[in-house]
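Taking the form predicted alone, here's one chain by itself in structure tokens.
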């Protein structure tokens, strides 16, 4: 009898030891998470990567950073992540319409996926709300941009009768449309004449594209147009617009351009004088850190991120405060 109990105790001890060993092995297993961005050369994405790396160091996982400038490289990157033992990834896709393909490829490779900055859309152009997403509250951020432009115009004592706004649009991107719609909404609420707003579509989301778009709008201005407000979905769409006003003979004192992103405006804000007044600086540091952290929790504890996390926290940076604000988040160089 005692012999049987002894054998039973030894068996239980062995099983317990095996379980503890397995648990330790699982907990010691390296957790790998991907972070894929469409334009790694952009300061915005470099900042996201830097703070995702910070999350990786603090929480003990490995971050795999991959550039995905097009659809082919995106799908190849997902296969690469799976081959390297990743459990999930965060992505800002080069094209939001790739959403269904990204989700299908992720499921095939048993990878969890979360979108950041730009939200996936399905074949009908509808948001894929089943995929967790963290990004700027585009309309609300646009409203803050428009309100800032109106406030600065009033501070300068501009007469609305002599003031016009050129809004460079890119409605093909839902985020871009919401930002410019929000900006216009705030301008009108501030008393800006709706018939003094000129919309001009951009073909490309870069400085040359916005410069061309603004140039085409400036020829439509009436002779009494003395002051100009330049708006757009990001810094580059406004920077190009400001360049166009310079070529058209408008002085910096008669132009107010406020972008969104902040990180692409540093060089311009270092200049002593420019029609580019400032930028709405969002939180790429928070977005990079939080999405990486959320993905880590998801793959290690099963806690799925919220389907939509809206970020509407922005700071207006101008020549007076941009260095101080950028230093706060480690972006000053």
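Numbering follows the first chain given and starts at 1. Fair warning: this is a prediction, and the values are worked out from it, not measured in the lab.
Although not depicted, the form predicted together with alpha-D-fucopyranose (FCA) is the subject of the following passage.
Although the partner is absent here, residue 152 sits far enough away that none of its heavy atoms falls within 4.5 Å of alpha-D-fucopyranose (FCA) in the predicted complex. In the predicted complex, alpha-D-fucopyranose (FCA) lies within 4.5 Å of some heavy atom of residue 136. For residue 261, a non-hydrogen atom is located within 4.5 Å of alpha-D-fucopyranose (FCA) in the predicted complex, even though that partner is not displayed. For the chain shown alone, residue 103 is not a contact residue for alpha-D-fucopyranose (FCA) in the predicted complex, no non-hydrogen atom being within 4.5 angstroms.
The contact residue chosen from 180, 202, 245, 234 relative to alpha-D-fucopyranose (FCA) in the predicted complex is 234, the criterion being a non-hydrogen atom within 4.5 angstroms. Taking a 4.5 Å heavy atom cutoff to alpha-D-fucopyranose (FCA) in the predicted complex, the contact residue among 42, 290, 268, 53 is 42. The stretch in contact with alpha-D-fucopyranose (FCA) in the predicted complex, judged by heavy atoms within 4.5 Å, is 32 to 40, chosen from 299 to 307, 268 to 276, 63 to 71, 32 to 40. With contact defined as any non-hydrogen atom lying within 4.5 angstroms of alpha-D-fucopyranose (FCA) in the predicted complex, the stretch 68 to 91 contains no contacting residue.
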